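What follows is a single chain, given as structure tokens, in the form predicted on its own.
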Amino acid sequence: MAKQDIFVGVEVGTTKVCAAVGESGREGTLRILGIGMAPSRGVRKGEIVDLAIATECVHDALAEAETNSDAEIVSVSVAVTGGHIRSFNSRGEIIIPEDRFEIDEEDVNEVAIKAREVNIPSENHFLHSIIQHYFVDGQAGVLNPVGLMGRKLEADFHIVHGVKTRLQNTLRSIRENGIEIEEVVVNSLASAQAALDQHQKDLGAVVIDIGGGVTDYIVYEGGVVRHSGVLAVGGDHISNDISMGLRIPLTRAERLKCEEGSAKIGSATPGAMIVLKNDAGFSGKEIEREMLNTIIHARVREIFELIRRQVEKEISPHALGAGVVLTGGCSLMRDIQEVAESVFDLPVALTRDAGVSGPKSVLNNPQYSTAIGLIKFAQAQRAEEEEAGLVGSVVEKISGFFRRRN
């Protein structure tokens, strides 16, 4: 199997490390060969807090992925997240030299650089410059300005940046295992590759990835990224709310959330109780089911309302024709779609990895969406580079800062 046909995506999450191995076929097809997953330790809110332990977890996930896919892993694409990641939209503008009128690749690169000439914190590093629209002499709707005649080139970009050192910690947990890094992709962008097809992007959609420690989201309108963000709130906060509200150990709260909980209030039979059996260090207890659901509902609704407010600052909900797509481990929670529908007043669906073949247990599990999305992202990047004969025409490649071994 040719090395260039294999793509690997790795997500170092708060609750799990997931590695997915995919094989690229003819005409852009993609088949998942295997998945490796290990419980995550040394990670909090999507960021490394104990490098040695996190590195071991990455090793375990990669080893399992190699075994399940029968492929040697030498390089990967990595998802990054964290509350420090920020984004904004920016326009670049250049004037074409008077001795020529035709726009070339250097002009396209220069206008992207101009869009990044904004003040960001000195400790931050640019992650992505994602093209939204080109304009040539005021003409909108230009898809590719190269070769066109014009005097002024403008371009709108969605720009994502984050704290250098905090990003590097995640990358080191991969490199310490002797693995090269091909792509570094913000989590929300990776998830969107698995959750949305091009038609949904064109119609307009919001992808919300609810993980253990953070919730990532991204907004598409007219086929382009309009907004993205990270909330430092996730499924672990729901478990903590249950633990505090019901006065039970955190481990029991996590199990209760997954096995018995619902994000919907008013659905439980009045007076229905849940019996928690005796356990080591825990004497057992009866829990009112509606109380459990009320606690879950409050936190889930808060997450969606926070995202809705951020989205409405950038785009009208009427422009989101494809509605909301939920992914991430917490999207498996009972009745979470109904809560999202009530908050956004839009259709809500769970992600299904379209355009990819492989075991259905993998493709229909939103816990794997980010890792699979990384594979699709890398595959698309490879196709662009081969077609254009250059690097990064849609999303800028990560600079040498990320490629150095530290």
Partner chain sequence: MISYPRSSPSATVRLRILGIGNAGVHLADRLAMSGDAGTDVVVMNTDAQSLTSSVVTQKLALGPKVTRGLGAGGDPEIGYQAAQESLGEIRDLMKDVDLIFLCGGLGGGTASGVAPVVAEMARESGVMVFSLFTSPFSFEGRRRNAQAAEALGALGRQSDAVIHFENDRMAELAGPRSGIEETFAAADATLLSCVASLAGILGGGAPLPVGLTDLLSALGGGTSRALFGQGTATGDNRAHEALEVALKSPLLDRGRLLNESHAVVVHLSGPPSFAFAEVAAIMRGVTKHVADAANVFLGVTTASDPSTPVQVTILGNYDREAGGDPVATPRRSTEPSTQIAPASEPKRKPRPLPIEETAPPSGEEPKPLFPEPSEPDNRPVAPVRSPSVDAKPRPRTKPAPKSKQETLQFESVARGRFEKSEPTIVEGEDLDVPTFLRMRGNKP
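Being a predicted model, the structure only gives us computed values, none of them experimental. Residue numbers count along the first chain shown, from 1.
Quick note: we don't show the form predicted in complex with the partner chain, though the next part is all about it.
Residue contact check for K45: one or more of its heavy atoms lie within 4.5 Å of the partner chain in the model of the complex. Although the partner is absent here, M273 sits far enough away that none of its heavy atoms falls within 4.5 Å of the partner chain in the model of the complex. Taking non-hydrogen atoms only, Q139 never approaches the partner chain to within 4.5 angstroms in the model of the complex.
Under a 4.5 angstroms non-hydrogen atom cutoff, the partner chain in the model of the complex lacks V74 among its neighbouring residues. Heavy atoms within 4.5 Å of the partner chain in the model of the complex map, among the stretches 121-129, 91-99, 244-252, 329-337, onto 244-252 alone.
Scanning S316, N240, T165, S267 against the partner chain in the model of the complex with a 4.5 Å heavy atom cut-off leaves one residue, N240. The partner is absent here, but in the model of the complex a heavy atom of L306, alone among I181, L306, A322, V108, sits within 4.5 Å of the partner chain. Every member of the trio L231, R299 and E302 reaches the partner chain in the model of the complex with some non-hydrogen atom inside 4.5 Å. Shown without its partner, the chain has no residue in segment 137-156 with a non-hydrogen atom within 4.5 angstroms of the partner chain in the model of the complex.
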